[in-house]
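One chain is shown next in structure tokens, namely the form predicted alone.
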């Protein structure tokens, strides 16, 4: 039923009666629609579920538009980003239109669904701001990193699952936990892929996060096990263009201390909890979705 969600998003866009917005939307890459899939799997394919899924995907698209401007990213899923094609001002304002239209349509679903999704957008925005602030320094605090990825990534996935549970009359807290774990693990695996995948697979250079100033979980764990001289070296490489030798030093140290396996184990623990929760509630399909999250190649 993802096709119904796509049609609903297109309807919301067409309701604006603005040719420029319609043209910009046609240039947006659609991605995997993870959040929409979750909503439909939990709540079914009734009109309220389809509307909620469409709104959440519009909000997610808006956040990516803003994210690309903040990160000076000129590709999105191996294609030119909208800010690369049309400039930062257009990308930001298009994101604002998607946010605003999404909030408007939330009012036509239910107050409780509107509240949970709107709160997630507040968290998402706080997480984006925290991500920008953290990129200015070498962060060694794991708890701060986890709070940031919860806000920036997991909160909207959590809200998608929780909103769907509300629509379906299912226990909200169970599905909120499922969505939170899924979102945290999703970002942790993405952070691993930034280190392990090649440029062609990622659509951006490997170790791009570190070059951009992001101190993700693997770097935090690596810093903890290095000696003092190596700590100084790792800090000196933060937020700078790396030579091939410097890249190799980082990845070699990651291998030496089994950092990636440690990060993977933490993500897997979250997924195992999510799978167990869903199995207890007869949601095998949701268990499979969670398992796919951790089985991505890296």
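Numbering follows the first chain given and starts at 1. All values derive from a computational prediction rather than experimental measurement.
Absent from the display: the form predicted together with a small molecule. The rest refers to it.
Chemist: Spot the stretch among 172 to 180, 110 to 118, 149 to 157, 218 to 226 with residues whose non-hydrogen atoms come within 4.5 Å of the small molecule in the model of the complex.
Modeler: Within 4.5 Å of the partner lies stretch 149 to 157.
Chemist: Might residue 246 be said to contact the small molecule in the model of the complex, defining contact as any heavy atom within 4.5 Å?
Modeler: No, residue 246 sits far enough from the small molecule in the model of the complex that none of its heavy atoms falls within 4.5 Å.
Chemist: Using a 4.5 angstroms cut-off on non-hydrogen atoms, would residue 254 count as touching the small molecule in the model of the complex?
Modeler: Taking the distances in the model of the complex, the answer for residue 254 is no, it never comes within 4.5 Å of the small molecule.
Chemist: Taking any heavy atom pair closer than or equal to 4.5 Å as contact, tell me whether residue 273 reaches the small molecule in the model of the complex.
Modeler: Residue 273 lies outside the contact set for the small molecule.
Chemist: Although the small molecule is absent from this view, report whether residue 43 comes within 4.5 Å of it in the model of the complex, heavy atoms only.
Modeler: Contact with the small molecule, no.
Chemist: Using a 4.5 Å heavy atom cut-off, which residue among 38, 62, 50, 267 comes into contact with the small molecule in the model of the complex?
Modeler: Checked against the cut-off, the match is 62.
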